[in-house]
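Have a look below at one chain only, the form predicted on its own, in structure tokens format.
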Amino acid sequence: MQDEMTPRQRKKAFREGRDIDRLPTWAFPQDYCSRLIGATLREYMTDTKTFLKGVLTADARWDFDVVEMMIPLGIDLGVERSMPEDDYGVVTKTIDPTEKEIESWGVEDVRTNPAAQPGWERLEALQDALAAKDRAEISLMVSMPFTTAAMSLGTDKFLKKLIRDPDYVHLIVGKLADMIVQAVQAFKGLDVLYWCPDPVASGSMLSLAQYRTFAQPYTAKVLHALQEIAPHPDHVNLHMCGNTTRLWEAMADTGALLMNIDETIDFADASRRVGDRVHLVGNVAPMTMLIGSEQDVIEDVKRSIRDAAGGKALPIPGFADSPPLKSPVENHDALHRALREYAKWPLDEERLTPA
């Protein structure tokens, strides 16, 4: 099924309240692109040519509205990670900084940092390849300060500090927020979106009071900085995994205009509670992509659109979280067919009912 508008035309009309052919989508499969070209995960993540081949092959097949990539921010805290050949790495060495060490932290200029140069090369190549045909918008990933702190110190140890040493938590998360705000100034003037994951701040980890105290103010600070440099405030998408039910209003209070929340929650309830304030992004389940049939995927697309459609701010259907690397390619084909068919605007409620 062919679209009547390009991704950029659709997004502009969507923002301005004009007629659109279908809802914008956010269904980039991230590292799954490596599967389409027979590359290992390490090759895809470390080699620029392999990364570009994977993304552009996937875009040619599925015609995304958004593709995602990352430019390192130069926040090197001494954390060490493994890098298997064809699997996700894990943190092998965390840090335990003193307050004095935290206060001394600085950030390298992202524009000149050697570690960031491959990212700039990827961005330029993607811009050349996608903009020429007015294709997908590009989104840069910017991890939020609470999750960055937790991953750096070790999640269990860090979460215990919320109770045992709250001043220390404020110091490190606040310092990281300042560093991220400084680093992202290098992106000023870029015509990109921002995808902002904060999985450790999830309601599966934190109470509402803890989220409002230790994560929300610092997330809001970074999101505000991104909105100031982005072409439009709705170019910033806050993503959180797990059960976020008790956090929705607090997440919206960060100033995020897009919220990407996963399939473990009631999307219809989220639409009722915050759908007048934010565009809900998602929430097709990764496990449906992995073990479901093509019809299961289609039904999950219909369900996600149907459940989120009640809000004043229109939904942006797509993934709840990254699809598993072993998910069948046929399920991805079914997903994108269904997104085009059932996100047609205006929505046809009868066609969105369960089969």
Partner chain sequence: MSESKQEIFKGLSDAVFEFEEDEAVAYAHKAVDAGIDATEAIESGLADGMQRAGVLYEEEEYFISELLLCADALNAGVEVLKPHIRTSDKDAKTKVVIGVIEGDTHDIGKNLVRILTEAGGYEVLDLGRDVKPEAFVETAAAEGADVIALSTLMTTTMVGMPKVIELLKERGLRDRVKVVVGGGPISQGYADRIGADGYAPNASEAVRLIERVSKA
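Numbering follows the first chain given and starts at 1. All figures in this text were calculated on a predicted structure; none of them were measured in a lab.
Beyond what is shown, the protein has a form predicted together with its partner chain; the following relates to that form.
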(message) Against its partner chain in the predicted complex, would Thr112 count as a contact residue? Criterion: heavy atoms within 4.5 Å.
(response) no
(message) With a cut-off of 4.5 Å between heavy atoms, is Met70 one of the residues that contacts its partner chain in the predicted complex?
(response) no
(request) Decide whether Ile291 counts as a contact residue for its partner chain in the predicted complex under a heavy atom distance cut-off of 4.5 Å. (result) yes
(message) Is Arg272 near its partner chain? Define near as a heavy atom within 4.5 Å, in the predicted complex.
(response) no
(request) Would you mind picking the one in Leu52, Met45, Met287, Ala313 that has a heavy atom within 4.5 Å of its partner chain in the predicted complex? (result) Met287
(message) By the heavy atom within 4.5 Å rule, which residue out of Glu103, Glu249, Asp156, Glu124 makes contact with its partner chain in the predicted complex?
(response) Asp156
(request) Sort through 134 to 142, 272 to 280, 176 to 184, 82 to 90 and report the only stretch with a non-hydrogen atom within 4.5 Å of its partner chain in the predicted complex. (result) 82 to 90
(request) For the heavy atom contacts within 4.5 Å of its partner chain in the predicted complex, list the residues of 205 to 219 involved, in sequence order. (result) Met205, Leu206, Ser207, Gln210
